[in-house]
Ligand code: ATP
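Only one chain is included here, represented as structure tokens and corresponding to the form predicted alone.
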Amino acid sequence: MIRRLINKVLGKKTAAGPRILPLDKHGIRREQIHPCALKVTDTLAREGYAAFVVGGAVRDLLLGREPKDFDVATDATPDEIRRLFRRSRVIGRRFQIVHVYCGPDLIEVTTFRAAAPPVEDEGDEDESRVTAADGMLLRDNVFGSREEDAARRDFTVNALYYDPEKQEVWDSHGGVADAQKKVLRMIGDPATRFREDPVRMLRAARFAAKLDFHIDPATRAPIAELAGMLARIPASRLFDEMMKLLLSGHAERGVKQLRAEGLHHGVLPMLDAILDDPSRQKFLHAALHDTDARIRQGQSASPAFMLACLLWFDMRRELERKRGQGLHEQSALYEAMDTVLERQRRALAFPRRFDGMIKEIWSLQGRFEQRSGARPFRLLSHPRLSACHDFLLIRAESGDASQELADWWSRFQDADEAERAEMLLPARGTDATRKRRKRRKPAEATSRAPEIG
């Protein structure tokens, strides 16, 4: 009697299969799915393949959130998917994924994968699946059924499949109930699943922060023991995962979650140094709070800006060391910036394309001190002024810079020309010095060292 009542409320369940919820039980309509994802699922279904919108998009729609990405899973192989979509390409070695393009939009399409192998399968001649001795999956392109694919996903709330044609949600692991209870639960044995892919430990912290979920105690239990496995993750993948956390719009809570799970040490060395130094913590939390606010307001946030925040104190310390070597101020600054970025790149493997913005944010901090003559007006036209000023505001909020200086630049940017002229500070030096500067010849004036930034 009770079981029949549960089935009636939550949806039907096939024998040894998923619970299938109709539209009136989950409320996700076909119109809420991205048009490009619908094009992919409709095309696959028309050709006789199974096709579902999967993972985070279904979870977010179920929770009343707007999904960031729409992914598709199917029983078509990557080669079969490629034949159906002219604008597509296969990426990945560890997991093969097909990117399907619709104008500027991109949909990731994956083939259903088989259940994970036992550890003793190491050394199998089938190179499509390689497992290390400690259970970590190194490569896995073995295809399987939808049910096996659901079992391979990390958390129950990420193992939901939406059929756009019938507007049904397929739930094999109680993800709908866990979403309602706001619990993050691992599918299968948590220790085994974390060993397969240690990044899942970081994902647990990120999803708990983003969704405001609590981590199931059984899921949390092995994390402290297995956290050291993160050292084996390629630096580039670790960087990508950390940027997802720090630019999620819930970074402040995410960092607290990392600390609560004991995952902050060794994951991001620059983060370790800040979290272990009370004088730096205020700056970090101001930066995270500012970034979270920008993202929630629909504004952009850059990994380069976050890196500039995380490495600011390291750069300052290196700058003092270079000054102690007797280097000219500008040379000391440029060498300090290069040294810090290259040292961190060896540990974190972030792209060089971020270097230019990071250096501009750092180098312009000194130019904000120059509030006389024509220099403030020249700074107004700098293309990175907004980001550099945001950085100054964070410094001021944390006590690392003068609040009066930050407020002055906020007013100066919004003022009209007359008000700006009144705001300028007197030039430094005596009256005689200023007169000598006015009498300089043009050639002499241009022989000075160029301004930083």
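What you see is a predicted model, and the numbers here were worked out from it, not measured in a lab. Start at 1 and count along the sequence shown; that's the residue number.
Separately, the form predicted in complex with ligand ATP exists; it is not shown, and the next lines address it.
A.B. asks: Only one of 324-332, 194-202, 376-384, 299-307 gets a heavy atom within 4.5 Å of ligand ATP in the model of the complex; which is it?
C.D. replies: Single hit among the candidates: 194-202.
A.B. asks: Out of Arg259, Lys181, His289, Lys244, which one falls within 4.5 Å of ligand ATP in the model of the complex, going by heavy atoms?
C.D. replies: By the 4.5 Å heavy-atom cutoff, the listed residue in contact is Lys244.
A.B. asks: Between the options Glu168, Asp71, Glu360, Glu252, which residue brings a heavy atom to within 4.5 Å of ligand ATP in the model of the complex?
C.D. replies: Exactly one residue meets the criterion: Asp71.
A.B. asks: With the cut-off set at 4.5 Å between non-hydrogen atoms, does Gln365 touch ligand ATP in the model of the complex?
C.D. replies: Result no; Gln365 lies far from ligand ATP in the model of the complex.
A.B. asks: Though only this chain appears here, would Tyr162 touch ligand ATP in the model of the complex if you measure heavy atom gaps against 4.5 Å?
C.D. replies: Tyr162: no, not in contact with ligand ATP in the model of the complex.
A.B. asks: Could you tell me if Arg146 has a non-hydrogen atom within 4.5 Å of ligand ATP in the model of the complex?
C.D. replies: No.
A.B. asks: So, in the model of the complex, is Asp60 in contact with ligand ATP at a 4.5 angstroms heavy atom limit?
C.D. replies: Yes, Asp60 is a contact residue.
A.B. asks: Would you say all of Arg30, Arg65 and Gly175 touch ligand ATP in the model of the complex, counting a heavy atom within 4.5 Å as a touch?
C.D. replies: So, no: the whole triplet misses ligand ATP.
A.B. asks: Can you name the residues of 198-231 that have a heavy atom within 4.5 Å of ligand ATP in the model of the complex?
C.D. replies: Heavy-atom contacts to ligand ATP in the model of the complex: Arg200, Arg203, Arg206, Phe207, Lys210.
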